[in-house]
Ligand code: TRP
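Here's a solo chain for you in structure tokens, the form predicted on its own.
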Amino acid sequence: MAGKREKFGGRMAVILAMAGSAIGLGNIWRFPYMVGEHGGAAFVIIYVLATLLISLPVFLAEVMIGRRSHSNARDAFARLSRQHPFWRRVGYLSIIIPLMIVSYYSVIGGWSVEYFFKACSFSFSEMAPEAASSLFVNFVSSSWMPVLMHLVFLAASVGVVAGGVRAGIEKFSKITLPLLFLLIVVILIYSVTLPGAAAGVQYLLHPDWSELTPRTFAYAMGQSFFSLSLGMGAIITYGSYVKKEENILVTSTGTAISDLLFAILAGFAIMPAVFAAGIEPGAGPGLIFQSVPFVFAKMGVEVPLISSLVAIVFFLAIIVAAMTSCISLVEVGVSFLMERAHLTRGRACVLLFVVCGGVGTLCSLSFGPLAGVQVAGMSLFDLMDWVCSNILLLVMALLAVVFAGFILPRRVVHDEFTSHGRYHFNDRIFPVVWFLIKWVAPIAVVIIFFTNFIL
């Protein structure tokens, strides 16, 4: 089975696939409202530092675990630990987490599908800006339509995974990632020209350090992990598709920088529109679905045709961006089922569609008919998002860096990081990377984890 494992085509394919996993709704949907809830530019600065000093070493550790094991996320820990019982059980966690995230992530993807259809019908260019802002609440609180859109989005994502690593995931990423960067820049340019948008730009450029609390650091770290797909098993799985001669320092750093750049661009595309629309920056998960339609409605007053065309392309880009992240998470489960349950790729995809589709339906209904079902004061959707982002991802990421720093022999990590001595620069900086993986990242993750509960 190991000898038949698919591989990415080359360095650019690796960066685009991994960047596709990282770049998505975590940047466009989650990052802007996290910035709004936690201090604006101060949160952005902490987020950037956390990504480079902590998340990147964790990312490298997960890539090395995947490439060294040459197997799915569950078996990676078992194989490299020589079937140690504890690490075999840890491997199962790396399968459960991404499937939980897919279940509620695809609900948000479904919102994007609905807004794409509305854009195609020229709805935004024909409605008052104020009506565009309130459209979101009316939609998500309804019953069957959000569920249908969730299933449509999930089916499309699973369909890409069914195509395989090269013909499905890699090809899809090569087409969609450059398009997404182009479109977010177009939206940014128009967004900053809206009346009142200057306040949004200032919000992102001038940090308010008085807003900082220990919890701000915790949420910045959680957002960084969520955005880079850390602790989800996705990077371990994608790492197993990376060729042995590939320079994982270049591919990993390229992915992290691409993710940071896109998150910042998304912030400057969304926040000026938020302030122009008079929407509260900390409005929560629906922020992008309130502010962006407002932008298109404002454009529709002046240039209705251009507004409609840009809205169509933008929400199509949001869909495919969300899909690139979703397919990486689905691939974790598919890889596991193919290797452990010996299912065909097609059957594994169908099984995961049924499971994640069912759980996601409950998450979708938690905005409407099941809104009264609360756990610890949170809806099912909010609960799954909070548990995954602030607990499970941190736990899994901690286990990954502990595994790389204390279970794997130092020479094994060195071999993977340098591609068996092929890259001399990697060899020179390896002591620094080793220190970050072995000490800095684990300690930081532990501190952040307890901050979520103590403060």
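Numbering starts at 1 and runs along the sequence shown. Since this is a predicted model, take the numbers as computed values, not measurements. What we label the rigid core is the largest C-alpha set whose atoms superpose within 1.5 Å from one form to the other.
What comes next is about the form predicted in complex with the ligand, which is not displayed.
Only one of 274, 356, 161, 232 lies close to the ligand in the predicted bound form, with a heavy atom inside 4.5 Å, and it is 232. Across the options 22 to 30, 404 to 412, 38 to 46, 51 to 59, residues that bring heavy atoms within 4.5 Å of the ligand in the predicted bound form belong to 22 to 30. A residue is said to contact a partner when one of its heavy atoms sits within 4.5 Å of a partner heavy atom; residue 295 fails this definition for the ligand in the predicted bound form, lying far away.
By the criterion of a heavy atom within 4.5 Å, residue 111 is excluded from the residues contacting the ligand in the predicted bound form. The ligand in the predicted bound form comes within 4.5 Å of a heavy atom belonging to residue 329.
When the ligand is considered in the predicted bound form, residue 226 lines it closely, a heavy atom lying within 4.5 Å. Once the rigid core is used as the reference frame, the Cα position of residue 166 differs between the shown form and the other one by 2 Å or more. The two forms, fitted on the rigid core, differ between the shown form and the other one by 2 Å or more at the CA of residue 153. After superposing the rigid core, the C-alpha of residue 80 moves by less than 2 Å between the shown form and the other one. Whereas the displayed form keeps them at a certain spacing, the CA atoms of residue 250 and residue 166 lie at least 3 angstroms farther apart in the predicted bound form.
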